[in-house]
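One chain follows as structure tokens, the form predicted alone.
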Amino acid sequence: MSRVAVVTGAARGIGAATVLGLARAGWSVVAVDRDGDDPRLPYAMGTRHELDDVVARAGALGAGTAVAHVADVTDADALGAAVAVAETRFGGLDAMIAVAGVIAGGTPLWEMPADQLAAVLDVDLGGPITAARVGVPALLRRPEPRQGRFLAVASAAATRGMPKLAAYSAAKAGVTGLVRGLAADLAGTGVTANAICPGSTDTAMLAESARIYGLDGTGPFAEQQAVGRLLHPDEVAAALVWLAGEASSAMTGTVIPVDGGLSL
């Protein structure tokens, strides 16, 4: 029987790459995205068309399978319905993976529009909290001995001050605290909680970061990383796929930099 995951932010970027990586490894995946822009933010979110395309590509791999599910990650009922799909269609849940994120800023915190501030905190910290609240009970419903995984995507900004992104940094630092607290709560259950901190990755969010900083493109971000380039979403997703597997059983409460040396 294949292992089962719910992945948020699945329409593009790291989320999409995670769905594909899991499917390639034989997982069944409920791929979740919101299918609609956030009126509080000035850039486009993932679309249902993109989500369906990811699911189709996952199916074409011929290993695992994936289904699309539309949900706002801050809506516990909607995200809980995705967990229910995992349990009713695939028989249970083995990994809850909170990838969905947004970015906003470009001003000092005290000048940041209140609606943008709320969006960043709601999605980037509230989303993983909601994922834990609806996902962990399902992970614990697996019979013992279980190998459940709660995973979240933080950011290099969780530990490295980024100018004009204080709210984003605060939310991502909150994610690292969340997984440490969950790891303590889950001690002895067979369910672990870990996070990764990506560096500058070639995604729509990074393009928005460039716009926020008034850059012509994302190239300058590559210069800050020891690898001398932007990361590809597949490289970051590979860490999540590994953490979701049984080989990571000795790790919990861990925050792993997958940042191309940005944090050096």
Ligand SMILES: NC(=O)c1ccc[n+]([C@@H]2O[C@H](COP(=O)([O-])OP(=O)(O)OC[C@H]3O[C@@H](n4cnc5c(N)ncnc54)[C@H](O)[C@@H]3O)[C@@H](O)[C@H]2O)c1
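Numbering starts at 1 and follows the sequence shown. What you are looking at is a predicted structure, and each value in this text was computed from that prediction instead of being measured.
There is another form of this protein, the form predicted together with this ligand, and it is not shown here; the text below is about that form.
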**OP:** For the three residues Val153, Tyr168 and Ala204, verify that every one has a non-hydrogen atom within 4.5 Å of this ligand in the model of the complex; reply yes or no.
**Re:** yes
Subject >> Proximity to this ligand in the model of the complex, single hit among Met45, Ala210, Val67, Ala222 (heavy atom within 4.5 Å) >> reply: Met45
Original post:
Just one of Val102, Leu178, Val134, Leu186 has a heavy atom within 4.5 Å of this ligand in the model of the complex. Which one?
Top reply: Val102
**OP:** Check whether Ser28 has any heavy atom within 4.5 Å of a heavy atom of this ligand in the model of the complex, and answer yes or no.
**Re:** no
**OP:** Give a yes/no on whether Gly21 approaches this ligand to within 4.5 Å in the model of the complex, heavy atoms considered.
**Re:** no
Original post:
Ala82: heavy atom within 4.5 Å of this ligand in the model of the complex?
Top reply: no
Original post:
Does Ala244 reach this ligand in the model of the complex, with heavy atoms at most 4.5 Å apart?
Top reply: no
Subject >> Residue stretch of 106-114, 168-176, 89-97, 138-146 approaching this ligand in the model of the complex, non-hydrogen atom distance within 4.5 Å >> reply: 168-176
Original post:
Which residues, if any, of 233-264 lie within 4.5 Å of this ligand in the model of the complex when only heavy atoms count?
Top reply: none
